[in-house]
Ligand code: NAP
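One chain follows as structure tokens, the form predicted on its own.
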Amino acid sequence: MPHYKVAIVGAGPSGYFAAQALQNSVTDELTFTIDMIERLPTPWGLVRSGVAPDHPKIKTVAKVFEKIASEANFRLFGNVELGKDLTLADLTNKYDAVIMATGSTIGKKLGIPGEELANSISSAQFVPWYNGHPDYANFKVDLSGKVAVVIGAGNVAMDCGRILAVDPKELDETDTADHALDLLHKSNIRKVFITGRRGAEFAAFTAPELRDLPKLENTDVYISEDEIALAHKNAQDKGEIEKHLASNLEAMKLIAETPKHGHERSLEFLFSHTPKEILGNGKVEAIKYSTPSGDVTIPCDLVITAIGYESEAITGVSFEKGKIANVDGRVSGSNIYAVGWAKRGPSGVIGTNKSDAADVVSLLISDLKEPKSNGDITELIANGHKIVDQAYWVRINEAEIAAGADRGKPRVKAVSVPDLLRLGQP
């Protein structure tokens, strides 16, 4: 019976769904050993460091990941970094297939003047900062001003805007990182704009996220009814309105019609605003937009761009248009495959990765030849290197949850690699 070894690089949703697809493909004639390699001591990727802390239901997908990890043919190798502790060539030599589930972590740039001013930052920095990612625990953001602008028309932009606009008391019982929660409590930001380059009909928000906004207890949320009507007309002129767009426009209408209470805090959506220049002397002071009715300047103290992500370069694999060069997930001329954002760019929701991974794994299985018999990852990592296996991660996880229980939170995250490793010590 052929037995194959597959390495998965990256322990986020696409990596786990690839492991699940492999497990679902096991038969009497076909078996796999699955080794998942993760740079951090903590798995789950964006479920841990990307999903907004005030949306805990989305994080329940982690239960699926833990079930996948509990299977006998799965091994976790956390705190192991590709390019430092081992090379991609090491993996391709020892494994029958290597699946790259490395995501997209670099925020795209606007390419406009003033983008390098202090307090002009990316969602790729802000989101992991408030979520306790070790790489961003010491990231500095200045919330002493009163107005923030978020550029982008997707759920990441909405998350950034909402986190800045809510009363921080509404985050106290979440797993927002302590350092971020402390700063948000001291924040002077009271007005947040979320700006999209095109009309409301092109926005990539999802309706459930929009419908949550009127539920904010201490924040008024504004969308122009005229903008929604125009978006509806523009969409109708092209034919029948697609279901997801109809849901979006309905959710926007609900926001527009929800009574405002004169709260000190507000969140406002602006559409058809194309950023031209960020203005300021050393730090952000305003942003200039081109709009259908002419240029508009909005005084502000913080600009966050949330316009997409690109993958970080990895030695041994080619990239094009911000993602791994691949055809349907297959990296030509190799036994390397790509899944998730590394394969298709930053699109879709967490669940999108499930069908995506299943398709790629089908391709991978169709490509399999004679199994390799020349060892595995355990022969590649230096003696004494602290590997976070599944049992080690379970101890970290349980320690964080226990610390959270004492404070009425889902968990209290450790935000440095040494602290995480200490938490999981046997």
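Quick note: we count residues from 1 along the sequence shown, nothing fancier. Note that the structure is predicted; figures quoted are calculated from it, not measured.
Another form, the form predicted together with the ligand, is not on view; read the next lines as being about it.
The ligand in the predicted complex comes within 4.5 Å of a heavy atom belonging to Trp341. Using a 4.5 angstroms limit between non-hydrogen atoms, Leu110 touches the ligand in the predicted complex.
Proximity of Ile58 to the ligand in the predicted complex falls within the 4.5 Å heavy atom cutoff. The closest non-hydrogen atom of Ile106 lies beyond 4.5 Å of the ligand in the predicted complex.
Proximity to the ligand in the predicted complex, defined as a heavy atom within 4.5 Å, singles out one entry of Ala89, Ala204, Ala325, Ala246, which is Ala204.
Exactly one listed residue, out of Ala165, Ile223, Ile278, Val156, brings a non-hydrogen atom to within 4.5 Å of the ligand in the predicted complex: Val156. With the partner left out here, the ligand still marks one of 292-300, 178-186, 252-260, 156-164 in the predicted complex; by a 4.5 Å heavy atom cut-off that stretch is 156-164. Looking at 304-338, the residues that come within 4.5 Å of the ligand in the predicted complex, counting any heavy atom, are Ala306, Ile307, Gly308, Tyr309.
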